[in-house]
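Taking the form predicted alone, here's one chain by itself in structure tokens.
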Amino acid sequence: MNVFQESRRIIITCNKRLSPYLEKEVRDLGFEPERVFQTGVELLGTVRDCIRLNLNLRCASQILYSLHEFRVNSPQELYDVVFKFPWEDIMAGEGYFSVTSNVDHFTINTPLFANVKVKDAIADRFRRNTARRPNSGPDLDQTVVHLYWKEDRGELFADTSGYTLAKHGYRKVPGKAPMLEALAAATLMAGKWDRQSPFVNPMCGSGTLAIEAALLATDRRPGLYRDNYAFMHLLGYEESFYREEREQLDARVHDVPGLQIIASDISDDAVNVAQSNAGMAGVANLIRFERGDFAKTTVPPAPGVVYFNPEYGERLGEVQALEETYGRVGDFLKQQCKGYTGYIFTGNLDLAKKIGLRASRRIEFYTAKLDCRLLEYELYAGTRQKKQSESESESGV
């Protein structure tokens, strides 16, 4: 079996509600999805295709290449199926592997038990056929085998990613309650920012949104910030092919003349963290960082995008304190951001009512087990009625 040449089913997983944006990324790379579901995209391809996907996708979590589908109804049946598979064609006997799983079967109380069965079967096959066995453990930095088992259907995958792709690799200091990089990228893709006009991010925290905006604008892909993937540890891996794909990432990076990305925070520590992360991403020179209350954030002439990700509040006292903050955010949008498109990402829709503006769109997202919304606001330079009158006059109505 040559997984780098043989076309099989590929499952690209993502966090809940990110699949529409993941699908667009996949299509933009020239792939045709076979299926799109709530937490992923399915297509056909080789591990060579998985290499390209791993390097380019912003919204993905794992990229799984199917090895074997089977029927299974007990842990012993699972062991027998795994034992029969030719693992010596996939991984080196002197290497290291780990097992992850997604299991829903009445015989399994914990996925760890299924993982051990898979590990034991792989190790026993190597001992019988090669008198050697690879080491195994929890680290995902070498070969990773993934088991999917629901009811009587099982499937083994080579996880070609290893550690999750949802973290883009530049954020060495997370800061307080940071937004996941894949989620941040998806929310930017969901909005109307043209990646050329000003992007303003008050309350920037650890800087994830501003950094992802800079990465999108200049077409810097996540593969620029990572140099180890699980596919590198599969037998048949050609480093030259990876290097060629990696060089294409460098070639895609481009300047955007006059690009203005402004990020501010009242916390000196937050701004320091954001600047450090932007430096790791290579975009510190593209972002203007400001310290101070969000209401003092510089807003360049319209049009542009202003994006808030304020705290949601988990306890009653916190929520009450945040009501005033959300009201001030609404005032800032109305008074200082005319002609802009505003966005507020929140997991507390009751607090969002304190903004005092009617959202033109409510885009569903999900984070940290919270049902969230990206609220979009058209911040007209004049009143709606004035804009409508001007439109009717121009059309001769």
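The numbering used is simple: start at 1 and walk along the sequence shown. Note that this is a predicted model, so its numbers are computed, not measured.
We do not show the form predicted together with a small molecule, though everything after this point is about it.
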query	finding
Contacting member of Phe294, Phe85, Trp193, Phe126, with respect to the small molecule in the model of the complex [4.5 Å, heavy atom]	Phe294
Listed residue (Pro75, Pro310, Pro111, Gly95) with a non-hydrogen atom within 4.5 angstroms of the small molecule in the model of the complex	Pro310
Candidate site Lys176, Met179 and Asp265: all three near the small molecule in the model of the complex by heavy atom within 4.5 Å	yes
Partner proximity in the model of the complex: Ala185 to the small molecule, non-hydrogen atom cutoff 4.5 Å	no
Close approach of Ala270 to the small molecule in the model of the complex, 4.5 Å, heavy atom	yes
Ser206: touches the small molecule in the model of the complex, heavy atom cutoff 4.5 angstroms	yes
Contact of Arg328 with the small molecule in the model of the complex (heavy atom, 4.5 Å)	yes
Per-stretch contact check against the small molecule in the model of the complex, the hit in 214-222, 152-160, 241-249, 286-294 (non-hydrogen atom, 4.5 angstroms)	286-294
